[in-house]
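Okay, so we've got a single protein chain in two different forms coming up as structure tokens, structure 1 first and structure 2 after it.
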Structure 1
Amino acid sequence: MIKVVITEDNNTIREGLAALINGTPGYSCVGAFSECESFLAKIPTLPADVVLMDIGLPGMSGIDGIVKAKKMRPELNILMLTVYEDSQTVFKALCAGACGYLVKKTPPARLLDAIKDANDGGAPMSSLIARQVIDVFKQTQGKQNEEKDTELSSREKEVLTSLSDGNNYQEIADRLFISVDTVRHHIKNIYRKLHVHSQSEAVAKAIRKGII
């Protein structure tokens, strides 16, 4: 039995969703609220698995509601309810902790599927938004794989990583079983390759480029 909570200000939609959920075997609506505040107040005593949360709510926005709800109950699976698939809003909500979303006109069968999906650890969303997420994902994650232009040797990367962990030259030398002068040598080369002149700048550049 999947226990669902609804937070949605439109009475018709809220009650319609509740009726659908309660009318389906295996699903149960354990709470329905018209704004975030009262939902958040009840969280501690709600045995919820999945939360359907409208984004455009009066008072506290659904995004802030997600953040606060996740703080209290990190294991909650929160699905946004939106009218349009505005990628910026969806992004923000995903970052806030939502695990997927539903457009409000989603047919009942798919809606129930999505709830089950979320409960099973999935992230139900349209493949259009998924594509946008992936595009951003690639930009940030992909760096580790490509970016062979600034080629640091693996040894140099080790040194730089150790440096970013707060080790000084002597400590790096001890860790890598080399002499301090060799560490110094590697760092000199790292500076040359990255076109920098200090530890901080090197570390900043390396992290931003995804090298370390």
Structure 2
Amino acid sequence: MIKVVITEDNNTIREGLAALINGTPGYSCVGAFSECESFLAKIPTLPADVVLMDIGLPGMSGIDGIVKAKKMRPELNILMLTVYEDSQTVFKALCAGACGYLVKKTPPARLLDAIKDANDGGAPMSSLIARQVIDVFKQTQGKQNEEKDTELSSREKEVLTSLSDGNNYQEIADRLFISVDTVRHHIKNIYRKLHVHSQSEAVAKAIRKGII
């Protein structure tokens, strides 16, 4: 028996969800609340497996509610069921500790499958939400790769710093006890990593990024 708790401020939706869950073999609604505060007060004694949580609630938001609930019951599976579909809200909820994210227009059969999936350790999401998660992940990875590409070695930073001081190649070589050819090699790498084509561009970008 999967024990489900509902936190939803719309009476019609809350009662409809409770009726759906209680009317399905293998599922039981063990609590229904109109706001987070009441739900959180009952958490210690609620025999819950999965929580269906709205976001736009009176008083404390569902996202803040997740954070507090997970502190009290880390093992609790909290599944968002909301009207919000924007990627920023999705990620806030997932980062707060939600195990899955569905929109309220999800068909009843799919919702029941998602509750079972969450109870079994899965991360149920609608296809649109999953696509947003993948897109944001790709963007994040792209930024991380870009930052990684611009990481300069300690020697390259020394060369660039010396360059910013107005030294020419020979002066940099003498200062760092390396050959002029080695200086050229480092500067070539600096240009490639910073995506620039001149000394002034390299110095300006390095200062702007806080590299030197």
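Residue positions are counted from 1 along structure 1's sequence. Between two forms, the rigid core is defined as the largest C-alpha subset superposing within 1.5 Å. Everything numeric here is computed off the predicted structure, so don't read it as measured data.
* Just flag whichever of structures 1 and 2 is the form predicted in complex with the DNA. => Pick structure 1 here.
* State yes or no: after fitting on the rigid core, is the Cα displacement of H185 between structure 1 and structure 2 at least 2 Å? => Yes, H185 moves 2 Å or more.
* Core fit, then N10 C-alpha moves 2 Å or more between structure 1 and structure 2 -> The answer is no; the displacement is under 2 Å.
* Honestly, after the rigid core fit, is I21 moving at least 2 Å at Cα between structure 1 and structure 2? -> I21: C-alpha displaced by less than 2 Å between structure 1 and structure 2.
* Asked: For V159, what C-alpha shift in Å results between structure 1 and structure 2 following superposition on the rigid core?
  -> With the rigid core fitted, the alpha carbon of V159 is displaced 22.4 Å between structure 1 and structure 2.
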